[in-house]
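In the form predicted alone, a lone chain appears below as structure tokens.
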Amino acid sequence: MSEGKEVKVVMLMGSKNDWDGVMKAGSEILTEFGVPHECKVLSAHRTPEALVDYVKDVESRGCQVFIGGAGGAAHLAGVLASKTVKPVLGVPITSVLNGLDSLLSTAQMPGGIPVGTLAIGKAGAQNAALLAISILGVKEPKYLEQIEAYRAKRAKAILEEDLLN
């Protein structure tokens, strides 16, 4: 399974349906920041053995942070967290109960197996990517510098807004 390619962040989702409109937004931020990452569909319920094998593979290639997006029962991030000691960030995907079910499933991990839980949907995927970049920045300050520049650019855009023109 190993391609020999370095990877620092992995984005996993339980279904291809989670890509467009949600998880892709996080991948775009990782790309913008030049973070080597992979995105893959693996299910905690339908492909558990493949999930475990993949986690071992990407950790051997340097993965430092996992992002798991899932809807409904949202067990993907929890299963990821049970198979690694690296940080796992959970992105609840909108589902039957507008994502509230996913949010609660992701946030209510039992003590001892932490999952950092972000917002439901696209904003959660974007913030998971930014948080992953900040985590990488602890060892690689260039990422913290990029986060500072990103925030400054966003602040400048707000300050330049002109509602009358």
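These figures come from a predicted structure and were not determined experimentally. Numbering starts at 1 and follows the sequence shown.
The form predicted in complex with 5-O-phosphono-beta-D-ribofuranose exists for this protein as well; it is not shown, and the discussion that follows is about that form.
Participant: When you measure heavy atoms, are Gly90, Lys122 and Asn127 every one within 4.5 angstroms of 5-O-phosphono-beta-D-ribofuranose in the model of the complex?
Facilitator: No: none of Gly90, Lys122 and Asn127 comes within 4.5 Å of 5-O-phosphono-beta-D-ribofuranose in the model of the complex.
Participant: Is Arg61 close enough to touch 5-O-phosphono-beta-D-ribofuranose in the model of the complex, meaning at least one heavy atom pair within 4.5 Å?
Facilitator: Heavy-atom contact with 5-O-phosphono-beta-D-ribofuranose at 4.5 Å: absent for Arg61.
Participant: If you check in the model of the complex, is Gly69 within 4.5 Å of 5-O-phosphono-beta-D-ribofuranose, heavy atoms only?
Facilitator: Residue-level check for Gly69: yes, a contact with 5-O-phosphono-beta-D-ribofuranose.
Participant: With a cut-off of 4.5 Å between heavy atoms, is Arg46 one of the residues that contacts 5-O-phosphono-beta-D-ribofuranose in the model of the complex?
Facilitator: Within the cut-off, so yes.
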